[in-house]
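Listed next as structure tokens is one chain, alone, in the form predicted on its own.
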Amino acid sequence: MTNKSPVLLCTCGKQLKLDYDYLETEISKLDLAGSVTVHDFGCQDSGLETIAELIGESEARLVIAACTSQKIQPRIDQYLQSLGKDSSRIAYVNIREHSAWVHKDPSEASKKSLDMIRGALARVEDSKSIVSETKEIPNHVTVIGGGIAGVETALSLSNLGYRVTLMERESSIGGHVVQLPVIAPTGKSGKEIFSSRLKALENDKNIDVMTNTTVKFIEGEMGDFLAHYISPDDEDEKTLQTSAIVLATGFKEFKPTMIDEYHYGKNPDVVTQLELSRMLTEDRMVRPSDGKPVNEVVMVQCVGSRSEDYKRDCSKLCCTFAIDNSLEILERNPDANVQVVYMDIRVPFENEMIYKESRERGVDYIRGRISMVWENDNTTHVRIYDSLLNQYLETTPDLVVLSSAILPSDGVAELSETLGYALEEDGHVKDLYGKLRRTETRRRGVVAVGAITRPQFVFEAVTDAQAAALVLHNELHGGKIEKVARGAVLNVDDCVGCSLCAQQCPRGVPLMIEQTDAEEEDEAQKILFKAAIDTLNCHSCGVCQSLCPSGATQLNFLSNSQLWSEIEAVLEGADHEYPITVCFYCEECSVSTIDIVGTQRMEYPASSRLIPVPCAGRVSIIDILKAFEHGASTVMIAACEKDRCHIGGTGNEIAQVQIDVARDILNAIGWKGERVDMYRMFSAEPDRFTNAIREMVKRAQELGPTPVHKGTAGKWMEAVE
């Protein structure tokens, strides 16, 4: 017997110009629909009570047609969970931003809404309750790195109720910050900035500090990591069980010994900017070669930075370091002459004021390059090319200071081999999503803070640390995490051992496990390795599902049968006279973009049907072909921008591969590959969506229906010109 699901239609206070009588009548005729309730305020108290009643009538299945789920779903989930009711089998249809507000013709908007509600009913019919159990875990976090970011994270986590072990490989904590004579724009020294945190650390009984400690590798998963480390107290390797990891190992300064023109490492009076910072902090402003006073200083910017050979981009901090140190030199010796040789000065935020002050104080900025540093009669000589004057200058400074590139600290790549986080081309830890998840890595339970992810000023590192502490608190919940939740599940019997899921998962979750008990009679038929997926660490993108050739891996909230049923139901009204464009959209950038299109009342053709997926990477070639099989004239995927995939950077790229292959298939059977396409979008640029959907509708009208439109569905044939 078919399970019927109730439908709640919200009028948003009778503001939506939809034909609710038509919707109520037509939905009531659907085989999958149970009761149909029209409510004016589904998100208010009376509406929530109605939703709770409807949930109780249908084994927790329900379709809610209202405004954007981004607004109402959290409120509904919270309310139902407070009553102990299951909210995992609710399907949402946005009939406001996606229909009523973007189509002038109420009948067209109502027709589109009906089709999408029919699709949601099909999706929810085969849904399964997702039971969230809790797993007790140690209320403990390990922080690797004792600089400002690591210490701030440790203190924040302690305030949230966690025990913290802070591991620092040096003999003391503080990192680079305590070596800085001044922190712009505060005017305070690094030691002053750090002193209050150091005092708080010493008085915090929840934080154990281990110096001279090196982490060798880490194994396990969130809630059950095992850190292997060595310390001088005992040469034997030790282990520490912990629930989460904070990477806060900071940065290292590029040492330009291989760049001959600077003579760094050969001439003791050629130092780096951080080495000068230490000299200033220790109040030993003399020439390293002979201890004589420093009166003439030449600073050289972009040493190793913005270079194809060493670091391709700007190191961000170097200009500010140089300006700060210039002012500190003048503070100690007002008669000193400081020249800064640069190609571009980059000082963000309030640091622009420090730059202005340095010029007013007499720091000489020379736009150009250093062509040579050499020594003669115990005197350092520097030749400078001034690009504005187009001539060479020579000077004999007491000190040459190189503003060297900022690089990731040692050991970052080695730790990634066991922790599984991704790295940028320059070796910094890659954040999960630059807009919204800057401290998260692709490994659940592992966050990265401070300069390990990119060069950062002190206040940025502190903000990073505080944000990361909250991210972990949201994951760990004070010692209780979800054991089973939304994610991919695997039927190991169906796994063919192809390893596509393990190779392509943006988070590196699936693992290939050796099948030691494989006992096939035919030796060639044995599958020696099969996938294993830990749902706890899965982030529910569905990439593994779209690539799995056997259907062994599927999302527990959006199986193949659910999506295919929805596609078929959404396209029930497609015919030769009404070509339809199906749009699969990701529930991150794309849904935000489409919602903004709605709030701005930006009109686009109503012959579009929108189907949500957790990530563009969830859409497979089969899903695309299913859409054509059931009547779509064109198919598009709306995805995040390139390198901005919210799942971890690769979901939309995998979707692009699916599109490319689908196009090849369509061209091979004479159907025109341009019937399918993918579009990248930012929520701040709603025109991207409207332009894309108009283009795909235009193609649908120009190309006409596919040969398998209504009446010939399932009969694959080549198109006839």
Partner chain sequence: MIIYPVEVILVVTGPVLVIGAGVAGMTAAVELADNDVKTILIDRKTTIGGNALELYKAFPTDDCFYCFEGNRWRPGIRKCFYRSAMIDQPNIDLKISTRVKGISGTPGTFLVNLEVGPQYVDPRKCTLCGLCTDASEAFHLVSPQCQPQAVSYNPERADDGAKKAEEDCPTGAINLSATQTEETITVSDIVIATGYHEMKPSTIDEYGYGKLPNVITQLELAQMLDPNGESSGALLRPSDGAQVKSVMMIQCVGSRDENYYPFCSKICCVFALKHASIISKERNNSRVSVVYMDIRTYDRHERYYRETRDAGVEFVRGRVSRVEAHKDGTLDVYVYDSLLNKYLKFVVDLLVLSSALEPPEASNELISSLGLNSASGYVGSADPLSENEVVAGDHVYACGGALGPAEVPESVNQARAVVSKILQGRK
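Computed from a prediction, not measured in an experiment: that's the story for all the values here. Positions refer to the first chain, counted from 1.
This next part talks about the form predicted together with its partner chain, which is not shown.
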Within 4.5 Å, heavy atoms only, which of 263, 228, 367, 383 is in contact with its partner chain in the predicted complex? 367
Can you pick the one in 287, 428, 169, 216 that has a heavy atom within 4.5 Å of its partner chain in the predicted complex? 428
Since the partner isn't included here, can you check whether its partner chain sits close to all of 316, 349 and 587 in the predicted complex (heavy atom within 4.5 Å for each)? yes
Does residue 138 make contact with its partner chain in the predicted complex, using a 4.5 Å heavy atom cut-off? yes
Considering only heavy atoms, tell me if residue 683 and its partner chain come within 4.5 Å of each other in the predicted complex. yes
Hey, in the predicted complex, does residue 353 get a heavy atom within 4.5 angstroms of its partner chain? yes
Whether residue 46 contacts its partner chain in the predicted complex should be assessed with a 4.5 Å heavy atom distance threshold; does it? no
Heavy atoms within 4.5 Å of its partner chain in the predicted complex: which of the stretches 373-381, 591-599, 246-254, 105-113 has them? 591-599
At 4.5 Å, heavy atom to heavy atom, what parts of 424-439 sit next to its partner chain in the predicted complex? List them in sequence order, or say none. 424, 426, 428, 433, 434, 435, 436, 437, 438, 439
Cα distance between residue 78 and residue 159, which in the predicted complex differs by 3 Å or more from this form, closer or farther: farther
Relative to what we see here, could you say if residue 509 and residue 224 have their Cα atoms closer or farther apart in the predicted complex, with a change of 3 Å or more? closer
